[in-house]
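Next up: just one chain, as structure tokens, the form predicted alone.
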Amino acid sequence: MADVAEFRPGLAGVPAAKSAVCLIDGQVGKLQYRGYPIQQLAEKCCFEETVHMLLFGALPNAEELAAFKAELAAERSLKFRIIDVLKHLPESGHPMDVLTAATSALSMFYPGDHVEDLAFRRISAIRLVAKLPTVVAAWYRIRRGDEPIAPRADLGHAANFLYMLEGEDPHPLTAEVVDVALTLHAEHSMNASTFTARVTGSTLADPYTVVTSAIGSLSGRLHGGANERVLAMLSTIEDHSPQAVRRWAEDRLARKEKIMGFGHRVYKVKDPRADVLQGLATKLFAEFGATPVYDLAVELEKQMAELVGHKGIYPNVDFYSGIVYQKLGIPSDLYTPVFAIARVSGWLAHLLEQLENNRIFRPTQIWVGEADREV
């Protein structure tokens, strides 16, 4: 009998692909998209520049960026039959389920050969990046009885999304904050949803099906939605004094209960995205007024650093993102769809990479049942 391969639950630490899309060194808090540090991208590049770089391998020059923005803007609208689909869904439907249904439906409206036709492959990627924000914003309005707001070509990706939610031009700082947040969430190597996208893509399923499968993976509570649970957790801490916060943390740790927003499978230091988000939060509060939940979060981070920092447990990206979105007035059940609006660029970058030298994923298993049984 052949030697039994080592079994690693969840494929932990098992390389599943060779990739040039995202580099992570969790020991030192390094996160780079195609070699560019996330801090520089967040500071110097808009989301559209980041998307172009992820999809096509290089940051665009001014002319290329203008053309790419125009391509995205031209593909933002949804066909009226997609809107009709949304209007026939139950108002109680979770936005992630709606996003899954709408993305799947898109494949029927935009058929083509993404394997051999490189032009179709490109336009499919652009359509998905452009249309997912429109789907999320349209559902936000439809479920409360309002008509969707048509996208505007004169606004950037983030500003247009905010505009479609309420029909008002967003404050420049608000648009900037969302733009940076999208950049921070655009890509993160071989996480569950990205692996799902690559597996589905390896079968040569169309890009809409690939993204639909990734959205489905993201909808699971072990992958998406952590920032919602951070806010819910913080709301249970009534006394915000340092002593009370420390007692609360010590009690949770003693009972081995998870403290949401802390710890990461990859990072053993503070998530670099959390640092950037914390900076965004302070800018927001300086402009629009502080919120007690942020002060509480900062105090909890301080106490946790003293209690478990030596174990490599620090804030991850979810710890501050929900606080930022809450301040922006975005409903909590849209937090994960906003994640998908950003991460679709990363999923597609991995799909395009997978198609360059594709081989269908076909892992093996370790048999643990009975064999050679008789009926």
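Numbers for residues come from their place in the sequence shown, where the first is 1. Since the structure is predicted, the reported quantities are computational estimates derived from the model, not experimental observations. Whichever C-alpha set is largest while still superposing within 1.5 Å between the two forms counts as the rigid core.
In what follows, reference is made to the form predicted together with acetyl coenzyme *A (ACO), a form of this protein that is not presented.
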Gly224, Gly156, Pro272, Pro170 - the one with a heavy atom within 4.5 Å of acetyl coenzyme *A (ACO) in the predicted complex: Gly224
Option touching acetyl coenzyme *A (ACO), based on a heavy atom within 4.5 Å in the predicted complex, out of Met260, Val276, Leu162, Leu86: Met260
Lys256, Arg265 and Asp318 each touching acetyl coenzyme *A (ACO) in the predicted complex (heavy atom, 4.5 Å): yes
Acetyl coenzyme *A (ACO) contact at His310 in the predicted complex, heavy atom, 4.5 Å: no
Touches acetyl coenzyme *A (ACO) in the predicted complex: Phe47 (any heavy atom, 4.5 Å): no
Interface membership of Trp347, acetyl coenzyme *A (ACO) in the predicted complex, 4.5 Å heavy atom rule: no
Which of 310-318, 65-73, 327-335, 34-42 lines the interface with acetyl coenzyme *A (ACO) in the predicted complex (heavy atom within 4.5 Å): 310-318
Cα displacement of Val308 between the shown form and the other one reaching 2 Å, rigid core superposed: yes
Rigid-core frame, C-alpha of Lys258, shift of 2 angstroms or more between the shown form and the other one: yes
